[in-house]
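Below you will find one chain, with nothing else, as structure tokens; this is the form predicted on its own, and questions on how it binds or moves follow later.
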């Protein structure tokens, strides 16, 4: 009886996973179809694959710029955010300045603001200071949005690291830089990776601010999907399917490689010892 229940349990899990994966599989399949096959009724599951859609996509000179912008903005913003967040979380965890709980609440509250609520003042500020359509300033904006959640994640991990490591390092003449980066940081590596992946997904998917405060020089893949949705008087289904399939590669690879750290990150370090 227990064996039947176990098989039914895993069969149910596989069924749920396949249901959630079906739309992604359909998009990837469509990227190898012709427009006629994509629009066929009933849908075609058996078809002759073609690479013409990918050839047409990479024949666009701007596509390499847009992919490069997505990679540059994502990696740059996330690296800045993780470094700043780690140092801030260390301060909150070890020194606990007055009002730490309120400051942590305030940080998370700022992160919960919806993008459309702040886009107008941000746009006016960027235009006024001449920061619009700049990789650096757009990168710093993404880093600012990524820092609050990262601080929460990393503080949970740092609270789980005993202060005895700090005390031992200080007694033996170690500097704070040595303690932070050589003693403590290796012990919270899962948290750093989790914060990196969460923020990478956010910046990789971001469209609104890139469209408003970015410009021709900073166009990313979501921007390309938006402007390329319609072509030749109709919906460009082949472009959408191909671009989306390419767009999924980076987050899928990172999530697959570091999936156990994402679980740890979602629990704010409470299961850190299981990694």
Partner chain sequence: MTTDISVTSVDESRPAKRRRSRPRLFENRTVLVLALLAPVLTFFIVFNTIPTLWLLGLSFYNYSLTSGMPPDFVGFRNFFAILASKNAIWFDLSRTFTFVLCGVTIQTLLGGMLGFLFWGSKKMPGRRIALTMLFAPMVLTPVATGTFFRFIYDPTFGVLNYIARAGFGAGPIDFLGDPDLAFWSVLAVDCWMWTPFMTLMTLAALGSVPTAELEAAEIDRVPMWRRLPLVIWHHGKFILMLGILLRTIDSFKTLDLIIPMTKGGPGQNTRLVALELNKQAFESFNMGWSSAYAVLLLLISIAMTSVFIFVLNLRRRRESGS
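Predicted model only: the values in this text are computed from it and were never measured. Residue numbers count along the first chain shown, from 1.
Absent from the display: the form predicted in complex with its partner chain. The rest refers to it.
- Interface residue among 79, 125, 72, 185 relative to its partner chain in the model of the complex, by the heavy atom within 4.5 Å criterion: 125.
- Note on the partner interface in the model of the complex: the residue among 246, 56, 67, 235 having a heavy atom within 4.5 angstroms of its partner chain is 235.
- At a distance threshold of 4.5 angstroms between non-hydrogen atoms, residue 47 is out of contact with its partner chain in the model of the complex.
- In the model of the complex, residue 196 stays away from its partner chain, with no heavy atom inside 4.5 Å.
- Contact check for residue 178: a heavy atom falls within 4.5 Å of its partner chain in the model of the complex.
- The closest non-hydrogen atom of residue 107 lies within 4.5 Å of its partner chain in the model of the complex.
- Interface residues of 94 to 128, taken as those with a heavy atom within 4.5 Å of its partner chain in the model of the complex (partner not displayed): 95, 97, 103, 105, 106, 107, 108, 109, 110, 111, 112, 113, 114, 116, 117, 119, 120, 121, 122, 123, 124, 125, 126, in sequence order.
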